[in-house]
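To begin, one chain is listed below as structure tokens, in the form predicted alone.
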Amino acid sequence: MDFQIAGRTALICAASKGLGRGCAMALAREGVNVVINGRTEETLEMTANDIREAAPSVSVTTVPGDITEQATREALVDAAQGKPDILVNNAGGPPPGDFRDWDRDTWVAAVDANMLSAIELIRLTVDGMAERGFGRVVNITSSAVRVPIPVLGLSNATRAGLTNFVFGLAPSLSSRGVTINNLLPGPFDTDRLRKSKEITKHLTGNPVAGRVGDPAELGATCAFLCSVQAGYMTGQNLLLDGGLYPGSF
């Protein structure tokens, strides 16, 4: 299927590895020019080279930096000449733990990284998308939005806040060709899953699919959400968890 987005420009946050990299690679293979962000410049450039090798016809631009900083967010938009067609919001999840140990600064950092940064990038981009008549925003959140994970209270709260913000915003933009959707990943083969025993134990204790997800699978779903064919889908939460969700709707 031709997604009809070749030649478009996408901003992808936290794209040097993991789920963000999967999205960037999938979009580039659809002919989308990508502007990718990551905190570690060396890793980001390695990913950029891999994308160029996989999709030699597209432009790959790197913007290293912390997405929680306004200068980094503005540099991302500037790298797309202020006219991105696609925005993929993504950020590393906050650490697991006991809420009794989290002070106000810990909460503010989590809200900034997993809610406010995404909202600010939406603010910087969606009006231009609407004026041009096409736009796709995909927020990578977490399956914890549907089923909160006890040790991930920071993520449960901040990603749920972003979800409700998106639900309120999406209807005002859908008639102008702009969709906003959320991807809710369960256990995927990422550094976060490998490094945190608490998260790994919770998410893989009931391996319905018999495995964890491949970031390329989430990337392919992201690319579909950015397609012309997905233009009637907005304000949705798409759960990708291999069947772990214990409900029928």
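In this text, all values refer to a predicted model and were calculated from it rather than measured experimentally. Residue positions are given as counts along the sequence shown, with the first one as 1.
What follows is about the form predicted together with a small molecule, which we do not show.
*Asks:* Please run the contact check for residue 66 against the small molecule in the model of the complex: heavy atoms, 4.5 angstroms, yes or no?
*Replies:* Yes.
*Asks:* Is residue 93 near the small molecule? Define near as a heavy atom within 4.5 Å, in the model of the complex.
*Replies:* Flag for residue 93 set to yes.
*Asks:* Residue-level question: is residue 186 within 4.5 Å of the small molecule in the model of the complex, judged on heavy atoms?
*Replies:* Yes - in the model of the complex, heavy atoms of residue 186 and the small molecule come within 4.5 Å of each other.
*Asks:* Do residue 37 and the small molecule come within 4.5 Å of each other in the model of the complex, heavy atoms counted?
*Replies:* Contact with the small molecule, yes.
*Asks:* Within 4.5 Å of the small molecule in the model of the complex: all of 10, 135 and 181, by heavy atom?
*Replies:* Looking in the model of the complex, the three residues 10, 135 and 181 all stay beyond 4.5 Å of the small molecule (heavy atoms).
*Asks:* Among 98-106, 173-181, 136-144, 121-129, which stretch has residues with heavy atoms no more than 4.5 Å from the small molecule in the model of the complex?
*Replies:* Result of the contact check: 136-144.
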